[in-house]
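In structure tokens, the next block holds one chain alone, the form predicted alone.
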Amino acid sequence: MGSINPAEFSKAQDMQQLYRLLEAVGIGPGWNKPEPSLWPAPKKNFQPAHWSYGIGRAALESAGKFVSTELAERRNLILSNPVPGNTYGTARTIVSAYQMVMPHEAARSHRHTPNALRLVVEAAPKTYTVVDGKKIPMLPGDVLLTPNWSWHGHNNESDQCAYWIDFLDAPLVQLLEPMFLEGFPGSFVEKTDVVDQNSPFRFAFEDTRSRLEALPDTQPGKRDLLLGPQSLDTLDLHVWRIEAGASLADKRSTANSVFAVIEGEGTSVINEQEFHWSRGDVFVVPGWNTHAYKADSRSYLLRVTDEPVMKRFNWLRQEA
């Protein structure tokens, strides 16, 4: 910052001269901001958007010919929101990506301060995520957690490519800046023969489906299961079951949500934009957008939301 004798301010002859003096010392006039710093309702900078698993899968197959796990920490495709200037976040606080691990291939172990999870779309038996020294099975529809600073890698011991969808709170960590990443010391991936079928970090889809069967509808044709008790500090995970032919609308909220389709087919209308989705697709409902749904077949949707952050700071608001 520049240095000016305080007496210079008393010599200012007009407002423009005062502005020049303030600019020279890195101070902004609060009464003359280029744009307001406070506003009466949330700005909807991030946009509703949809990504096709069919396209993502084809692109990953192509990338498999050129991108090895030695070259890349992860062979993944970032689902960046189409808002101008953005190259990373799917929502303001959440990023999602499609990832592939090829047969008999390992993705190196590391740990980082962002929380992470993944939804398996395609995987054969003997596909594992390795978390803190234990191999956790990955089967289609499973949701697997990697809490921040847990060692984790991936090991595909099967004869088929494995595909899943990653979710991280990395954009939030980037904003607040406590970002750390560390590679696993001494080897490419954690070596272990311990298989934990019942890991608290794994929500097997067959169990999730059974739990939903026992729940009442939260709206006609819709059931909503909060996955737990194991959870992540910054993200809540819900699985919705929407019956074939059911139409529903959800309340506008300050929370951001990224959805992935576990099973089924249907349509969402988000802030008047219509998106048709099917298995493996991803779509985003940024905060304070209207959103409605219609299922063409019985559908299961994973909803990843930053509601815990909004609740913790008393920022969670919903329409009446």
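Model, not experiment: these values are computed from the prediction. The numbering used is simple: start at 1 and walk along the sequence shown.
The form predicted together with 2,5-dihydroxybenzoic acid (GTQ) is left out here; the points below concern that form.
Colleague: Decide whether H152 counts as a contact residue for 2,5-dihydroxybenzoic acid (GTQ) in the model of the complex under a heavy atom distance cut-off of 4.5 Å.
Modeller: Yes - in the model of the complex, heavy atoms of H152 and 2,5-dihydroxybenzoic acid (GTQ) come within 4.5 Å of each other.
Colleague: Any of the heavy atoms of D166 lying within 4.5 Å of 2,5-dihydroxybenzoic acid (GTQ) in the model of the complex?
Modeller: It does: once 2,5-dihydroxybenzoic acid (GTQ) is placed as it appears in the model of the complex, D166 has a heavy atom within 4.5 Å of it.
Colleague: So, C161 and 2,5-dihydroxybenzoic acid (GTQ): in the model of the complex, are they within 4.5 Å at any heavy atom pair?
Modeller: No, C161 stays farther than 4.5 Å from 2,5-dihydroxybenzoic acid (GTQ) in the model of the complex.
Colleague: At 4.5 Å between heavy atoms, is Q99 in contact with 2,5-dihydroxybenzoic acid (GTQ) in the model of the complex?
Modeller: Flag for Q99 set to yes.
Colleague: Among the candidate stretches 245 to 253, 105 to 113, 229 to 237, 189 to 197, which one is within 4.5 Å of 2,5-dihydroxybenzoic acid (GTQ) in the model of the complex when only heavy atoms are counted?
Modeller: Of the stretches listed, the one contacting the partner is 105 to 113.
Colleague: Among the candidate residues R74, R92, K126, K134, which is the single one with a non-hydrogen atom no more than 4.5 Å from 2,5-dihydroxybenzoic acid (GTQ) in the model of the complex?
Modeller: Spelling it out, the residue with a heavy atom inside the cut-off is R74.
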